[in-house]
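Single chain ahead, written as C-alpha cells, the form predicted alone.
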C-alpha cells in the first residue's frame, strides 16, 4: 500500500497532474480513466496548463470517464462528459475517437455498459485510473452496498446529488435519474490506480477505507487489495490514519 501525503493544495494538484502526464510520456498509447468532482477539477486544469506551456504528444492516448449521470443531456453542466471536456479534453485537443464516455441517455443501458467495457478492453485495458473518493466511500456511482464483484452498471446516486441535479435541470420527480459507472470489478482490473482525496470532510472515510475491513459498506476499501494503488492525500484527509 503506497500512501503519499501532500503538504499543500498546490503540491497535491501538481502531484496528481504529473501522475497522468508521466503515464502519457512513458506510454503514449495509454488508456487513462478520469473522475470528475471537486478534488480532480484542479488536476485536470493543471494538466491542460502544463500541456499548453510545454506541449507533449496526446494523439495516441485514450481517455475515458469512470462514470456518467443518466437521465440528463450530456451537455448539462453537471454531466461528466461536459465537465471533462471543459476541464481537460478540449484543451488537450483530444479527438472523439480517443475520448470514451458512458451515455447519459440510452434505450438499453445494459448493452451500453457492456459495450463500454468491451471497448476499453479492445484498446488494451486500463493503464491508469484516477479515482476520487466519496464521503461515504463510493467510487464512481458504486454506492455503499454495491457488489464488490460488480461490472459496469446503472445504479442510484446519493440523495443530495440527485436533489441538486433535479433543481439545476428542472427534472420532475417522475423522470428517473441515476449513475452509469464502471463496477468495482472493472476498477480492480486497472493495472495502476491513483486515488486522490483531500479535505477535513474526507478524514473519517479515508481512515475507514485504509484501516477498516474490506466491505461493500465502504466500496473504496476494496482498493486495499489492489497490487498497484497509490493513495494521494493531503494532511487533513490523512489526519485520522494511525500507521
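Positions refer to the first chain, counted from 1. These numbers come from a predicted model, not from an experiment.
Heads up, the form predicted together with a small molecule isn't pictured, but that's what we're talking about next.
- Shown without its partner, this chain lists 203, 70, 35, 30 as candidates; in the predicted bound form, only 35 has a non-hydrogen atom within 4.5 angstroms of the small molecule.
- Though the small molecule is absent from this view, in the predicted bound form it lies within 4.5 Å of a heavy atom of just one residue from 152, 129, 84, 133, which is 133.
- Only one listed stretch (52-60, 186-194, 36-44, 206-214) carries heavy atoms within 4.5 Å of the small molecule in the predicted bound form, and that stretch is 36-44.
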